[in-house]
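As structure tokens, one chain now follows by itself in the form predicted alone.
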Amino acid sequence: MAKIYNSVTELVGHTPLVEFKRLAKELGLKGRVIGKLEYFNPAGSHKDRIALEIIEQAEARGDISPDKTTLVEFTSGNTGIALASFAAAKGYPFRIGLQPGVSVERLKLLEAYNAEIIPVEPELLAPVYEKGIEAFGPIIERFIEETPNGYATLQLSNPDNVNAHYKHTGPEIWEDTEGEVGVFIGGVGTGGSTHGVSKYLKEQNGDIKTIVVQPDPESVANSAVEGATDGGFHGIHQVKDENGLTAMTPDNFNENVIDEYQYITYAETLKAIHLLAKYEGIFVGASAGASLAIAIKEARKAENEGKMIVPLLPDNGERYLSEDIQRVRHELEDSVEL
């Protein structure tokens, strides 16, 4: 019997979990590191899940339709790529304003999917650096004013973002590990994945530990990536410091389902990326490398011996080759300990 899909949107989800056995053997890890490979989604990242959920739930409510609506978003990249892909598949025009530091590859993908890229004036971007996420509102409002029948997908505050991961990603991890997952690790960009996955997992077993990986502030301040304002971590940022939640905490984020916050440096992130490619033949992006680096550290602990440690790995490294993240720096390998 033929198995032919009707649309690329039908391919979202059910991404594989892969245990990194060679990596564990080489590093002498006690815990089991099992990566959730989200780049197997059709547009290449975990943002495919939220883009599809946001569009299809808005359609179900009668808020949008291809014959009258233009979708609008302001984003740093992967959400935009996913929205652009599914907007094209469903027949929606899509307009996107880009945050600074978007990699060349992600920009070209947006162009390939026929997204209309909206120039954002420096004076509009300046408050983002000062005020954080709350400054995104006026930018989106301006886009809507300029877009007839525009519909803002509002990834930072849209509950459908969280629900995509609560309804799908969390259950996939639970079912594919047969309920044996012990530690879940993810970063925070829009807050949907860590919130949605952790909420679901903790409803199944309250002893599951959720760790949020945060870019080390010094690494961000001394960015190794030219033009990047996020230290090259792309898509994740610090949401909690010694004073509590920061200005970069999205409305979607729920700290009540988080157990621990850990910092990671850009150098540690790169080393994790290099080790995974070297020993497992899997090449991931920087936000994935950050979560993997924390997973490796957790897997070294005696308390986690035999435990399944699942880092969410949002995308692959092909989107960042222009930043040379593929280069194994021997001095890095020697000087950085995970």
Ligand SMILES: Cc1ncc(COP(=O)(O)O)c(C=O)c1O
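Note that residue numbering follows the sequence shown and begins at 1. Because the structure is a prediction, the values reported are computed rather than measured.
Quick note: we don't show the form predicted in complex with the ligand, though the next part is all about it.
The partner is not drawn, yet in the predicted bound form one stretch among 87-95, 112-120, 262-270, 233-241 has residues with heavy atoms inside 4.5 Å of the ligand: 233-241. Heavy atoms of every residue among K47, T190 and D315 are located within 4.5 Å of the ligand in the predicted bound form. Though the partner is left out of this view, T169 does not reach within 4.5 Å of the ligand in the predicted bound form, counting heavy atoms only. Taking the partner from elsewhere, Y320 is found to have a heavy atom lying within 4.5 Å of the ligand in the predicted bound form. Mapping the unseen interface onto this chain, N78 counts among the residues with a heavy atom inside 4.5 Å of the ligand in the predicted bound form.
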